[in-house]
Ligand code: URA
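Coming up is one lone chain in structure tokens, specifically the form predicted alone.
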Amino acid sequence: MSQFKISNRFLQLEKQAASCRLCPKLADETAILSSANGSLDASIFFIAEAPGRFGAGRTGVPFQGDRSGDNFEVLLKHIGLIRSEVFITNAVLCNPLIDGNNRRPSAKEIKNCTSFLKESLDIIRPKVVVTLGTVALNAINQILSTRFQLSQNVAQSISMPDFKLFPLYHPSPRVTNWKRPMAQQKKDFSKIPI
């Protein structure tokens, strides 16, 4: 497929995401899906949870503007990658909030957004899909009809029909402080089959 067709297809998806109103609690939020997500030629495709209120919810760029984004940049640099070489998206494209604070997306919100995630994967056709956290892994499980668990499959390269799946922990401060320290996350990122 030509780059022109890929770009047009992605622009259509971007418009569909912007006009989506499937989730009543997210209907007034902005879907974070645009050229700011990264390269449409990317061989590595990162999926996180949802835009954060200080990060993508404010900047319009996944993993930028907050501490999770800072950690992600450190991890990318650690393995010799830069943003322009990868594609970054979320299991849920809009920022889920409760009382002005980030909240975990609901199962229904994740399900509602899987069509955008699947279409993004179909357009970009990455060689490696890296899920960052359980929400992202659950979204991929819905698309692939699989049952991978982060605790059992972390930092494992799993061969799927169209790509290698590589589940990792999310780089949020909450996770790096309590579950998976940055030192371990650097080791995990180093195993991504680039």
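Remember, predicted model here, so these are calculated numbers, not experimental data. The numbering used is simple: start at 1 and walk along the sequence shown.
Unshown form predicted in complex with the ligand; subsequent notes refer to it.
Student: Is it the case that Gly38, Leu121 and Arg125 all touch the ligand in the predicted complex, with a non-hydrogen atom of each within 4.5 angstroms?
Tutor: Not one of the three qualifies.
Student: Although the partner isn't part of this model, could you tell me whether Ser68 comes within 4.5 Å of the ligand in the predicted complex, counting any heavy atom of the residue?
Tutor: Residue-level check for Ser68: yes, a contact with the ligand.
Student: Is Phe46 close enough to the ligand in the predicted complex to count, meaning some heavy atom within 4.5 Å?
Tutor: Heavy-atom contact with the ligand at 4.5 Å: absent for Phe46.
Student: Would you check, heavy atoms only and a 4.5 Å threshold, whether His170 touches the ligand in the predicted complex?
Tutor: Result yes; His170 sits at the interface with the ligand in the predicted complex.
Student: Taking heavy atoms only, is Ala50 within 4.5 angstroms of the ligand in the predicted complex?
Tutor: Taking the distances in the predicted complex, the answer for Ala50 is yes, it comes within 4.5 Å of the ligand.
Student: Among the candidate stretches 59-67, 138-146, 23-31, 161-169, which one is within 4.5 Å of the ligand in the predicted complex when only heavy atoms are counted?
Tutor: So the stretch in question is 59-67.
Student: If you apply a 4.5 angstroms heavy atom cut-off, which residues in 78-96 are near the ligand in the predicted complex?
Tutor: Going through 78-96 in order - heavy atoms within 4.5 Å of the ligand in the predicted complex - there is one hit, Asn90.
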